[in-house]
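Before any questions on binding or motion, here is one chain by itself as structure tokens, the form predicted on its own.
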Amino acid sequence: MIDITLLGTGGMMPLPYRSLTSLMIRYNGKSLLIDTGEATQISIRRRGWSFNPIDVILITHFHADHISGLPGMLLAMGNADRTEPVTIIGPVGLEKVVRGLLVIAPRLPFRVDCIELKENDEWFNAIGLKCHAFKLDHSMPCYGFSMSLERAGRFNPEAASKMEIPLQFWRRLQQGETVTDGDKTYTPDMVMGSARKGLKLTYVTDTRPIDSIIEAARGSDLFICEGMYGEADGDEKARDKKHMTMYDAARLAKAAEVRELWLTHYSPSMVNPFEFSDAVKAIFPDAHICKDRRSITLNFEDEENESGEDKQ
């Protein structure tokens, strides 16, 4: 299962009731952050989660509302007795930006490693999840991220017994390992069924609606997407500032056939985003206007979905 909390839903500037952009993901005892808007560490504390297990930080782009909280976040991790290296992944120029921000946090008790994304599409592994970074259409280089947890097929003990595979090799085959025993070789496909549906989360913010988002998000269990504007003049504002409206996001969710849409990254001028909920749901019924710290636990489809206590 994957635990997810949308730490902040604000864009451009923080408001008393709306923190800036950040998402936290927990899986198998490790944590990953996407973006570190101002005071991200405060929202993590309010959620009751720990800083120490954060191994990876993904940065979508270098606008202040997405990265200005990074020095404070790293200091908070150091104060939580973090000593293992932390990896930060983001667009070209990341190393320079991070080193500049760390002037005000010069004595961290862990190493910070930066990896720069150079292609339109890149794949890597982080905290046990398969990650896809894909380039967006914003006023500066910006990436969206999809994270997948793949799931192997069921082990078939009857097949293993029929082929007289020794019991001590069963677990290794379940783990995807090929086993050689004398002149015999056993491969996982001999005893494993077809791969089952895994889990997928896609996070997109600060972009115009483009077809590549549909392909990257296709089939996601949860699609978190910016809905910067909902007002009548939102289309014009979104085009001018290279952002999306709530309705753009809903149309992308529909085209990508995602299971659930969470809207985030609201303009500070949008005081009450919930007033647009009915219009958004008319396009994509399972859309949700989110508040800070909305949470969910994603489980495999044959397990019960559970939502966090802060889900709004």
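The numbering used is simple: start at 1 and walk along the sequence shown. All values reported here derive from a predicted model rather than from experimental measurement.
Omitted from view is the form predicted together with another copy of the chain, to which the following refers.
Chemist: May I ask you to choose, among K281, K254, K30, R45, the residue with a heavy atom within 4.5 Å of another copy of the chain in the predicted complex?
Modeler: It is R45 that has a heavy atom within 4.5 Å of the partner.
Chemist: Heavy atom within 4.5 Å of another copy of the chain in the predicted complex: which of G219, G72, G153, G198 fits that? Just give me the one.
Modeler: Checked against the cut-off, the match is G72.
Chemist: Which single stretch, out of 255-263, 242-250, 45-53, 270-278, brings residue heavy atoms within 4.5 Å of another copy of the chain in the predicted complex?
Modeler: Flagged stretch: 45-53.
Chemist: Is there a non-hydrogen atom of N79 within 4.5 angstroms of a non-hydrogen atom of another copy of the chain in the predicted complex?
Modeler: N79: yes, in contact with another copy of the chain in the predicted complex.
Chemist: Does G176 reach another copy of the chain in the predicted complex if we count a contact as any heavy atom within 4.5 Å?
Modeler: G176 lies outside the contact set for another copy of the chain.
Chemist: Any chance G193 has a heavy atom within 4.5 Å of another copy of the chain in the predicted complex?
Modeler: No, G193 sits far enough from another copy of the chain in the predicted complex that none of its heavy atoms falls within 4.5 Å.
Chemist: At the 4.5 Å heavy atom threshold, is P85 in contact with another copy of the chain in the predicted complex?
Modeler: Taking the distances in the predicted complex, the answer for P85 is no, it never comes within 4.5 Å of another copy of the chain.
Chemist: Give a yes or no on whether every one of E116, C131 and S146 sits within 4.5 angstroms of another copy of the chain in the predicted complex by heavy atom.
Modeler: No: none of E116, C131 and S146 comes within 4.5 Å of another copy of the chain in the predicted complex.
Chemist: Counting only heavy atoms, which residues in 11-25 are within 4.5 Å of another copy of the chain in the predicted complex?
Modeler: M12, M13, P14, L15, P16, Y17, in sequence order.
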